[in-house]
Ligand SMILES: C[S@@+](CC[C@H](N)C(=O)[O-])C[C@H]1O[C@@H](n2cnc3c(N)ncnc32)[C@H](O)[C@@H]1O
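Here we start with a single chain on its own, the form predicted alone, put down as structure tokens.
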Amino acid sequence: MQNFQDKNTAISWDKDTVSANPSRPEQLDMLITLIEDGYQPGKTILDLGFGTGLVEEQIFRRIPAVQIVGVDASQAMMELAHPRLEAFKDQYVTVQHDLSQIAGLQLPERNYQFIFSVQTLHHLTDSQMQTAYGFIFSMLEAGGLFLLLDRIAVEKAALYDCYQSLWRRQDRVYGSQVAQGEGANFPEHQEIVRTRGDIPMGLERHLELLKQAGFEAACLHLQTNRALFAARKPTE
């Protein structure tokens, strides 16, 4: 299991976020584009899974004067973010908190127009995810948008060879290392996911829980087991 509280783990992760997930740059650009096109000056963006500030660096360069509140459980990760974001130090604040206990999260009082999470919530159990979606819904302003970019579960053993084919294609196209890292067969894949400490949820379950929380939600982009969801809080 990855220990993101460990400084060396944080440094290693920060150096390479793509070789095991070559879809990340394109999907991340999509997520930031959605924020860029809709952001209203004076509003705040909440990042659940601030990490080392890689996403913030891109947002700050694309959206002048944006304000961000970033939440992460790992002090080691956030310490790497501060030098990276030195030029934008007046535009963000951080809160250290374990998202598995999100109900107790205390945030600055702001108008949160956007909330997003990148490759973070797959560590939560089903019940914790239900709580998280309820919390996110409550924190968003009316009409606000929640964006989730994350790993989802590979649920169909009979289709695992199809996933492998597309992972091998990614490796050929991008020079990545997805296929090997995901496992040679379905049982091996399940063991790798378990050992990593991940608890990814299926696509349909995500949509079901988002709807239960009160959102209008859809999956906007899917690349094998990496998905970008958008969920809108109704205005009424």
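Everything numeric in this text was worked out from a predicted model, so none of it was measured. For every residue, the number given is its place in the sequence shown, counted from 1.
What comes next is about the form predicted in complex with the ligand, which is not displayed.
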{"property": "Sole residue of S100, Q91, Q164, Q130 within 4.5 Å of the ligand in the predicted complex, by heavy atom", "result": "S100"}
{"property": "Candidate stretches 59 to 67, 180 to 188, 204 to 212, 45 to 53, one within 4.5 Å of the ligand in the predicted complex by heavy atom", "result": "45 to 53"}
{"property": "Proximity of R151 to the ligand in the predicted complex, heavy atoms at 4.5 Å", "result": "no"}
{"property": "The ligand contact in the predicted complex: R24, any heavy atom under 4.5 Å", "result": "yes"}
{"property": "is_contact(A73, the ligand) in the predicted complex, heavy atom dist at most 4.5 Å", "result": "yes"}
{"property": "Proximity of T120 to the ligand in the predicted complex, heavy atoms at 4.5 Å", "result": "yes"}
